[in-house]
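Given as structure tokens, the chain that follows is alone and in the form predicted alone.
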């Protein structure tokens, strides 16, 4: 997401937060999610721009791939960043007052900023290199005392009515496409590519990094969640 009154409106690449030109232009005003999972965002950019690294999944990285991602993150951190935690209010405030002008975000913040009075001039896109992503999900505890209550809740949450309300409120694509007929914005499902499967092909959903790279190839070893967390602490200094 970026302030389109400050960052060029035709910006369509993650390069603005990774390459020297953007790091110099927007130093101190780049907004980054504060979690080791952000290493995957660096890997997504490297996957697109340095194919010789052979990155397939941005979450399963061998030592060379991981080191390249960490080096990119250290260069970015040196430019001066605004880290936002799970508390989205911090990022919303920074974009409102101009302390942050470009960076990673969630659709919820975009909805809040564009719906403010007066609205903040922001644009949210999926860059050409692709992006990381996640889905809101509900899970049932295997030893739940009252599982039928949870099944009733799940049935409610996948209903068209609930899906429409949640999708518009948080800036999401509903999983139940019948919700598309109920959104206040009649173009909501088109805006969020709800039924455009091809659009999601380069959205890489959050996955836990594991040593076996998530496959059966014993010859390959990947960095683990513990490695990612240790590297993130080092990156932030």
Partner chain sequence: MTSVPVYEPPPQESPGRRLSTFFYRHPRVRLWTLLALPVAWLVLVYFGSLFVLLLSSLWETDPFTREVVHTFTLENFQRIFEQDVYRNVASRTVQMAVLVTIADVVLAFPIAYYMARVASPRTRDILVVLILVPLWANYLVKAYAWRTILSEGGVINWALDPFGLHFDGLSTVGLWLVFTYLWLPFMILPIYAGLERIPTSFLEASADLGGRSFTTFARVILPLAFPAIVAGSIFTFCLTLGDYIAPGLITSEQFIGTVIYNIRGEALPTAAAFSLVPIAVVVVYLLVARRLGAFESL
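Positions refer to the first chain, counted from 1. For clarity, every value in this text was computed on a predicted model and none was experimentally measured.
One more form of this protein exists, namely the form predicted in complex with its partner chain; it is left out here, but the text below deals with it.
**Student:** Closest heavy atom of residue 188 to its partner chain in the predicted bound form, within 4.5 Å or not?
**Tutor:** The answer is no: residue 188 has no heavy atom within 4.5 Å of its partner chain.
**Student:** Does residue 12 reach its partner chain in the predicted bound form if we count a contact as any heavy atom within 4.5 Å?
**Tutor:** Judged by the heavy-atom cut-off of 4.5 Å, residue 12 is well away from its partner chain in the predicted bound form.
**Student:** Do residue 182 and its partner chain share at least one heavy atom pair within 4.5 Å in the predicted bound form?
**Tutor:** No, residue 182 stays farther than 4.5 Å from its partner chain in the predicted bound form.
**Student:** Spell out, yes or no, whether the shortest heavy atom distance between residue 82 and its partner chain in the predicted bound form is within 4.5 Å.
**Tutor:** Result yes; residue 82 sits at the interface with its partner chain in the predicted bound form.
**Student:** Name the single residue among 203, 68, 210, 48 that comes within 4.5 Å of its partner chain in the predicted bound form, judging by heavy atoms.
**Tutor:** Checked against the cut-off, the match is 210.
**Student:** Residues in which of 103-111, 134-142, 121-129, 82-90 have heavy atoms within 4.5 Å of its partner chain in the predicted bound form?
**Tutor:** Result for this chain: 82-90.
**Student:** Is every one of 225, 233 and 236 within 4.5 Å of its partner chain in the predicted bound form, counting heavy atoms?
**Tutor:** The answer is yes; 225, 233 and 236 each reach its partner chain.
**Student:** At a 4.5 angstroms cut-off on non-hydrogen atoms, which residues of 12-29 are near its partner chain in the predicted bound form? List them in order.
**Tutor:** The stretch 12-29, when checked against its partner chain in the predicted bound form, contributes only 29 at the 4.5 Å heavy-atom cut-off.
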